[in-house]
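Here's a solo chain for you in structure tokens, the form predicted on its own.
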């Protein structure tokens, strides 16, 4: 009788296990069914363009004729193209805005993280430029940079600039555009840093203050190490955006004057949609992607992989 009961118990366990496995498989299929539309769009609009674009980097293509494999010819042409190297130099120079925007965003986040009356208004005011279309921002700042605009008036009063639009001067045009990027992006990174600040346990800072630490010591030893994961994310985003700068250039300068604001991505745009040389444009885009990855690895190195010490 005991043996029969044990056999019956094992059969029940086996049936329960089989039923559980079927239920798990069914739940997995349901989950993938819900994911399928997103996965299909991901493959259609992301994965496939990346694969096809990489192939085009080694081909000659003008939309009208089928792609023709040319190997490394596009890359050899880029190596000889001074316009591409000029755009790449300007894009790398644009990275100068990254540390500035990160430092200012942290300072603004510290400012608006304080519990004070009307702080919601200030947070909104800092974020308004982020949600404003760059077409509007570009037009406003282009007017402000004009010879008779307010920026020249202020600089002239300070004795820092005399006459002429900053956007029409090859020596200042790129830095003028960089300032607009800085002005527009601070609010975005401020929100990310604000979230990072609020994720740091307040008990750590309170304990440090009780032990006699000054506010400066608390910032360097508690707050900043705790922000390291956010710093990694923000520096990655801003570095990639700087290397791929395009919208600001397109709206405000079109690469001028005298190519002083011509960026690598603007070169890619010109080759693809003005010259219809999509293979050459894809090769330039592939080089930009590799450079972005290298700077991403450098960011990981500098921030120790985003590991927080606090």
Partner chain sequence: MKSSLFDTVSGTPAPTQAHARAAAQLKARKNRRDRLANLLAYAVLIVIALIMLYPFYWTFITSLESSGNIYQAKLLPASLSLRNYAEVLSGTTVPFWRLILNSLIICTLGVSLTVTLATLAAYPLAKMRFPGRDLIFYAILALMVLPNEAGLIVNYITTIKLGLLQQTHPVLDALRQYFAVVLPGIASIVGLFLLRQAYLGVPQELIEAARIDGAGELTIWRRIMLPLALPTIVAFSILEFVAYWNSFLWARIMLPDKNLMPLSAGLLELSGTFSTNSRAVMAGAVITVVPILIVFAFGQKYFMKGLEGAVKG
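Numbering follows the first chain given and starts at 1. Here the structure is a predicted model, which means the values were calculated and not measured.
This next part talks about the form predicted together with the partner chain, which is not shown.
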| Does residue 69 reach the partner chain in the model of the complex, with heavy atoms at most 4.5 Å apart? | no
| task | Although the partner chain is absent from this view, report whether residue 53 comes within 4.5 Å of it in the model of the complex, heavy atoms only. | result | yes
| message | Contact with the partner chain in the model of the complex for residue 158, defined as at least one heavy atom pair within 4.5 Å: yes or no? | response | no
| request: Tell me, yes or no, whether residue 35 is in contact with the partner chain in the model of the complex, where a contact means a heavy atom of each within 4.5 Å. | output: yes
| task | Determine which one of 167-175, 74-82, 91-99, 111-119 lies within 4.5 Å of the partner chain in the model of the complex, judging by heavy atom distances; exactly one does. | result | 111-119
| remark: Checked 201, 125, 224, 103 for heavy atoms within 4.5 Å of the partner chain in the model of the complex; positive is 125
| query | Taking the partner chain in the model of the complex, which residues along 30-56 bring a heavy atom to within 4.5 Å of it? | reply | 30, 31, 32, 34, 35, 37, 38, 39, 41, 42, 44, 45, 46, 47, 48, 49, 50, 52, 53, 56
